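Starting off, we have a lone chain in the form predicted on its own, written out as structure tokens.
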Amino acid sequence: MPDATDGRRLVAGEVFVSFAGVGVTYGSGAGRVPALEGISLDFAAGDFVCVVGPSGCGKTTLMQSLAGFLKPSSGTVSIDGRPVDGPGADRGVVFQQPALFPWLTVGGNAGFGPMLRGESRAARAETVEQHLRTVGLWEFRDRYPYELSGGMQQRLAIVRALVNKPKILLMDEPFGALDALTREKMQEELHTVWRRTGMTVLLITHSVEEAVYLGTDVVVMSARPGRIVERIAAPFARREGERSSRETKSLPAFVALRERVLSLIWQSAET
């Protein structure tokens, strides 16, 4: 029976993504660096899992093992019961810097994935319009990336991932380079997309406030080698009724949870 802090769910049949005893070590011999150790974490389809922890604790390594960019040194990672053995179309990845083709328009960037998959022009056009409208970029479909603001470029990067209809969206500090106001707006837009699509999301972030606001679950990791300190259910992502992000973030319950997570990170960094 797993303990309360290892991140695994205790109810059978819910597991969609599973990390089972995952460890990752870089290098060998005297240069050996353990990045992750004994990570066991399960979550269900539709969950929005946010991972936080001290700098260098292995958050990005965790995401890359799920993306299939690296193979764990020990343990297994699986999606829907199938082991991850490399990158795949079932996972969409969004990085801190948007990976856009500067020679393609907004519409061309959004439709690139469906084009590679061989979708018909009509189906591709419908998919692109739907997603660009969702993130408020439809009227910019004929513009080029250099004509967009940083926030708009990141919205387009999210669309680039979503049009491929992945089972899970993996995001590594996607709003880290944005100013505070744009970051708040992007959090709202990501919430809207998540609610409309019901997609599973794994978000890596240094912002505790962002994690508590966006996540259905907040996973706190220790300093290197990264281990799971605690997994905390956050109630704000699935809150009922409409409330602005600033109203939510000023709620006493929100402040208390944010401070609890911050305290766990401080404690893990000092041990």
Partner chain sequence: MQHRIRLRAWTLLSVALLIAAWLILTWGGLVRDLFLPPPDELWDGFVDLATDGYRNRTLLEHVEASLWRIGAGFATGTVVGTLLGLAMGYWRPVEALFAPFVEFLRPLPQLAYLMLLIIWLGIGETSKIILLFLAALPVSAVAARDGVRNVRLQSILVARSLGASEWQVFRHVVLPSALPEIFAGARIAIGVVYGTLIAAEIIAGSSGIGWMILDAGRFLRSDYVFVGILSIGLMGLALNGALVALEARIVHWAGR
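Note that the rigid core is defined as the largest set of C-alphas that superpose within 1.5 Å between two forms. Computed from a prediction, not measured in an experiment: that's the story for all the values here. Positions refer to the first chain, counted from 1.
What comes next is about the form predicted together with the partner chain, which is not displayed.
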Counting only non-hydrogen atoms, choose the one of 192-200, 123-131, 178-186, 100-108 that falls within 4.5 Å of the partner chain in the model of the complex.
100-108
My question is simply whether Ile79 lines the interface with the partner chain in the model of the complex - judged by any non-hydrogen atom within 4.5 Å.
no
Even though the partner chain is not shown here, does Trp138 get within 4.5 Å of it in the model of the complex, heavy atoms only?
no
In the model of the complex, does Gly88 have a heavy atom within 4.5 Å of the partner chain?
yes
Does any heavy atom of Gly151 come within 4.5 Å of a heavy atom of the partner chain in the model of the complex?
no
Can you tell me which residues in 146-163 come within 4.5 angstroms of the partner chain in the model of the complex, by heavy atoms?
Tyr146, Arg160, Ala161
After superposition on the rigid core, does the Cα atom of Arg121 shift by at least 2 Å between the shown form and the other one?
yes
